[in-house]
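One chain is shown next in structure tokens, namely the form predicted alone.
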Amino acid sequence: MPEITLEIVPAVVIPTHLTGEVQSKLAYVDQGIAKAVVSADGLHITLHLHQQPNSAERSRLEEKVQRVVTSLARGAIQPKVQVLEDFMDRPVRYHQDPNDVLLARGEMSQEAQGIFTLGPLVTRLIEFFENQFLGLAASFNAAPYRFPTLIPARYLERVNYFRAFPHSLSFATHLREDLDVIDDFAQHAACDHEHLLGALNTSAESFAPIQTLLSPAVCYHLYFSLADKPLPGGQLVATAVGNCFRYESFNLRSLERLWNFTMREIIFVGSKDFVLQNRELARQEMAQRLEKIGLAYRVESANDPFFIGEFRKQAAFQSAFQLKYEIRASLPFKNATLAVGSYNYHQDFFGRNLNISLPDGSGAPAGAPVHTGCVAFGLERMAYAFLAQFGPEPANWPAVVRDWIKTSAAPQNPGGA
């Protein structure tokens, strides 16, 4: 069957620094698009489609694509990228995509798009990185927290998440409390290759109103727990690991980009100086840990993946005030990089929107909103970048990684001799 493509000339030439951003956002233009490619010169867009569009569908596709392009690219000014660390010249031992090897060996199993089961090799590697991040957290005496996977919709609305990141939301609901609805589902629900079928498929009324979503980040839960009161002691360092969910349509691929991923965060809450000083200390200590591992990476200024309506304004704001830096690890097999962690400063955004204030005696005006920041690491991405540089054979891994895994995997004797 011949491939179905649609060529579009963008109304505005897409600047080089925005080709990746535009390409990723085209995933949300229409469910009929299987893939989108923006040419390196920004002069052409190729849409790969699931089926041949008629003339009306073609016009709608072109109109929506042009909306994305003009919103992101018209009048865009390339921000100055600040590089804090650059160790991209560190030697790497592997130049293939580890994904296919891991799948063939059963070390990964794909359940659905963006959803993978991980076997012992990748799990051990993730445990190693988790141990590194726990060591970083311990250096700050970070208090341990556990947060739920679900997050109330009213909380996300309070911090404007629906406006900034509507494209990545994952909703959670359930059958409404109605015996007829539940019985009908039990009798008729079925699945095709991907989708749930049955009476529910055409009846949104069968579902209860949406109260919760799958959490897109770890630190939000801490901020919500502190809302509407003074911060005890005037400062707080916390750490937690949790499942995060960000839907990215056809951008979801291998461990590089998952719908359901795991993130370890160390979170700072307090005055501006407290947050910024600790963010910098965390970066410096993490640099030492990554040096021992031998990971090839750089740390550079970046922005969050805001949706098209907010991207220009918010990305420029983050860049101007140096609010976000990413750890971008080398992926040698495709001469690219992958963000595996970040150092973030939110200013007083959460303090203001959630009414978290500084108490008397905190060194700042009493009642002023707190500042917040976090360092965050994607565990699956860290493992994937490591495997892309050192390969899937533990014998070829750096000694610090091999030795830790060997020691941690040794049988334990909790009962003593």
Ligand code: 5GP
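Please read all numbers here as calculations on a predicted model, not as lab measurements. One-based numbering along the sequence shown.
Absent from the display: the form predicted in complex with the named molecule. The rest refers to it.
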From the list A296, V340, A238, A282, which entry has a heavy atom within 4.5 Å of the named molecule in the predicted complex? V340
The one residue among R158, R124, K324, H221 placing a heavy atom within 4.5 Å of the named molecule in the predicted complex is K324
Please identify, from 168-176, 249-257, 271-279, 185-193, the stretch that has a heavy atom within 4.5 Å of the named molecule in the predicted complex. 249-257
Contact label in the predicted complex: F147 to the named molecule, heavy atom within 4.5 Å: no
Taking heavy atoms only, is A368 within 4.5 angstroms of the named molecule in the predicted complex? no
If we define contact as a non-hydrogen atom of the residue within 4.5 angstroms of the partner, is M263 a contact of the named molecule in the predicted complex? yes
Taking the named molecule as it sits in the predicted complex, is G373 near enough to touch it, meaning that at least one heavy atom pair lies within 4.5 angstroms? no
Residues in 170-197 close to the named molecule in the predicted complex, defined by a heavy atom within 4.5 Å, in order: none
